[in-house]
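Single chain ahead, written as structure tokens, the form predicted alone.
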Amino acid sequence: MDPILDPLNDAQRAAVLHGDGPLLVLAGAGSGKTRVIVHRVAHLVRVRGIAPWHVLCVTFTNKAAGEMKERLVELLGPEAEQAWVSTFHAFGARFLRREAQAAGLSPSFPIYDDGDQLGLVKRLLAEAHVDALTPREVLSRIDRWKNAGLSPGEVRAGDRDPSGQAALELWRRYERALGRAGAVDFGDLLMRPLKLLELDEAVRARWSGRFRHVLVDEFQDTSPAQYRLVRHLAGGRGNVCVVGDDDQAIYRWRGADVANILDFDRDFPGTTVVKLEQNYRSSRQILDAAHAVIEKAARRREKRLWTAREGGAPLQLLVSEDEHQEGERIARAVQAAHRGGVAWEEIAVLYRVNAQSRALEAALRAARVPYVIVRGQSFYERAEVKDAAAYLRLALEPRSDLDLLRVVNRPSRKIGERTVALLQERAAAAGLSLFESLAGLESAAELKPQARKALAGFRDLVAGLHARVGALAAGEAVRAVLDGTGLIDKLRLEGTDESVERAENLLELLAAAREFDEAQGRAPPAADPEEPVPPPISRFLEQIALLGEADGPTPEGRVALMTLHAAKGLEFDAVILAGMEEGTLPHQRPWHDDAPAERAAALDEERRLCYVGMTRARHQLSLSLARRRMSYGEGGPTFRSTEPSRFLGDLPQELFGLPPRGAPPAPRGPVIRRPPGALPGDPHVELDDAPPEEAGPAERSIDWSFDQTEGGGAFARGARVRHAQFGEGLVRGSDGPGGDAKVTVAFFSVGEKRVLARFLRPA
């Protein structure tokens, strides 16, 4: 038996056996893309004789990278560890440590995570007396610029964009602050390697032939900067294999550009395209529903998932009066799935925005359903853990002003804000870092004797740690910081339940560092003896800094509540999509953008979000919507009426266990009818409690509008219509008879407009 090729289907085998040259693998949801990447690497090494250290494989989460490494070890044994398999950001960190001198960095440079960046920008905003921008707005712009592969000198903010000008100036200050601290942020882990490869001929020469094959996972999520980086690393050989699914490109707001995968074969002439369309996850009904939604995207690569599995439950539709009733019905559906044998942790409730979770949580609590809101990794964001990490980074790089400001009075040394402000003024006047300005405190007449004594003690503590921690194992370094700073002792002295828990968190950090040491001791030596080896604590800090949302724990024994974005890459036996209404999913944002191309791109992404949510389900998929939702405006909370999501209108009703469309039209009155024979509380399509005597042939269809007027007809309120220029929309009202009637339509592409009836036709 061939362990590399035998487990593969025909399309997977074609991708694995592809020789040299560019390869695009269009891998639909649940089609085995990780298997293709791993088996292709194994084939390159075992059959084609490529040294593992000449293979680079990059992905987006530590979880995915870890899974790839484990599978490679199963196929290749210990030599698999010598292949470069990591996230983009971990690769960037490794690159910069190798090229530290060219990058103007210490090999032990600190990496500022999201919280660190936020704290730095807050301080810069205060120093610059800028109140027109929030720290998040500034960081969002900086991140967007870096994802585009731009440096401050390459960005131009127009005269009519004062916010952009202010953000650009703050970016320059931000970069100077990073430079003084010898630190980098997440964006730099991509930008700095990219700029070195583009601008430094010596660096480019060192790396141009290093990798004979480059493989990229989740290629649809790459930014322009990441794409340029990949092209440089692939070099002239063009042996780049990208695996992804444009139908799952949902991170446009993070800087990802779906054009990277859509136009890949234009940028790499002679590309071989392989489609993975056999799905191993979901039932046929779920795949048909997902395809019905995604096939209407304005721009996509044609593919259709199929499964060899037979059977599968019809989709379920939950219709509620408001979000509170929606929560109750979802709770009942969750309980029904659990009674049917689905484990709690195999059930997920997905929603478009975090605000939707409030009503869902209340309903699940009332129903005594165990649940967890999945928001990703949080342990390393806890205040006491970040304090210890700041001390560790400061011990490695005392010039890090951000870390010094965080811990200068933690635990308390009675160093007040006035003392810190004077210290900052002293450092700024001398052009020094805050730590450097602590030298010669005896002559600092502006500081009180008590403050000078406290600062001198802090200075000596940091200097002592700086002299020691670089030579220690990670666990020993954490222990040295915890003992030297008294962080645990102070918490234990407080004696409260909260302080005891916080002390336990610090001990957990110590345990994590010791586990890191054990893992490093088991790892085989690096294949490249020239690769620098930073201090263990530096590598440990890098590891925890690069943990992302998708690397957080998955729930055990609890139903998962999460956004559609957070659900990507996961799968569950039963999935419920909440808020299937216009303005919620799709979100209202795409309707109000002025640029048609931008509107179309944003709407396509909403369609892809719905597709991602649907394809998380293995066996059961439920779709939930409410007739009205609470809205919060200047006048306080009010209910707003909703319309069913256009994505529901894309679905063939036979997927809900009903006959195909073409049966007699649904009567006015209750909007959606249960199929014949269904019992209240246990339907495939859960509806208003319509009286049994209304049952009849007309009830065997779904009417996707909520609020039809007595007049009925093609232009009744809620009717779906099409305009030659504006596309599809929902009728809000009409005035006048015949073709000259003025009809108010909420168009999906351009918002609300009044048009003459003769220019409309039923959709």
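Model, not experiment: these values are computed from the prediction. Here the rigid core means the biggest group of C-alpha atoms that line up within 1.5 Å when the two forms are laid on top of each other. All residue numbers refer to positions in the sequence shown, first residue = 1.
The form predicted in complex with ligand ATP is left out here; the points below concern that form.
- The shortest heavy atom separation between His723 and ligand ATP in the predicted complex exceeds 4.5 Å.
- Contact annotation: Arg281 falls within 4.5 Å of ligand ATP in the predicted complex, judged by heavy atom distances.
- Taking non-hydrogen atoms only, Leu760 never approaches ligand ATP to within 4.5 angstroms in the predicted complex.
- Among residues of the shown chain, Gly28 is one whose heavy atoms approach ligand ATP to within 4.5 Å in the predicted complex.
- None of 324-332, 296-304, 563-571, 203-211 except one has non-hydrogen atoms within 4.5 angstroms of ligand ATP in the predicted complex; the exception is 563-571.
- Checking Ser320, Gln248, Gln653, Thr419 for any heavy atom within 4.5 Å of ligand ATP in the predicted complex turns up a single hit: Gln248.
- Looking at 334-360, no residue comes within 4.5 Å of ligand ATP in the predicted complex, counting any heavy atom.
- A movement of the C-alpha atom of Glu346 reaching 2 angstroms or beyond is seen between the shown form and the other one when the two forms are aligned on their rigid core.
- After superposition on the rigid core, the Cα atom of Glu175 is displaced by less than 2 Å between the shown form and the other one.
- Once both forms are overlaid on the rigid core, the distance between the two CA positions of Leu570 between the shown form and the other one is 2 angstroms or more.
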